[in-house]
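Starting off, we have a lone chain in the form predicted alone, written out as structure tokens.
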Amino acid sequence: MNTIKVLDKEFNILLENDNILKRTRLIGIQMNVDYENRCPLFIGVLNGSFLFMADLVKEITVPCEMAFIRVSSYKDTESTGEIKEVFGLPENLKGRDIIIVEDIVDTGFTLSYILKEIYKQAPASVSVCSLLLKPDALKAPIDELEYVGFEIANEFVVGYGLDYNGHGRNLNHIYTVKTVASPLP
């Protein structure tokens, strides 16, 4: 099924689950090399990262720990640019190797806010792993963005943890919003 409907919008398939899992496996292999003899703390940004992080940590063979935080800046299909408070940020990050796991980085505002809060605790290192990156939407550069699954166009996406007004997170693939051609005058 290449087209699906979520609420009032239609979506076309962008990334199939097999491709997502293959890319996730490669990222995990690279992290195992990069964090050999270390014990990183993976911090997943809820709600969107939960499926990606679950699949990612299955590929991790070095000792590690996991935690989740929650922050939101979306309404409907647009980023509000207004960052809510980070809930659940661990308070014992001093001297730790931190890997923030995101579903998607678009403007970078939310991630910049999270990084600022994490750096207040003086971690040993901080890197970011995002399944998706929208380079054309990036307004706040993220130097820590070391692991990216896929670069995509600046279009709204749903599925594999990403939602449209709370719906569609459970979809196995990632879909992009279907654009309707406007009629000629």
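Computed from a predicted model, the values in this text were never measured in an experiment. Each residue number is its position in the shown sequence, starting from 1.
The same protein also has a form predicted together with a small molecule, omitted here; what follows describes it.
Only one of Asp34, Glu146, Asp55, Glu155 gets a heavy atom within 4.5 Å of the small molecule in the model of the complex. Which one? Selected option: Glu155.
If we define contact as a non-hydrogen atom of the residue within 4.5 angstroms of the partner, is Leu162 a contact of the small molecule in the model of the complex? Yes, Leu162 is a contact residue.
Quick one: is Ile100 in contact with the small molecule in the model of the complex, heavy atoms, 4.5 Å cut-off? Residue-level check for Ile100: no, no contact with the small molecule.
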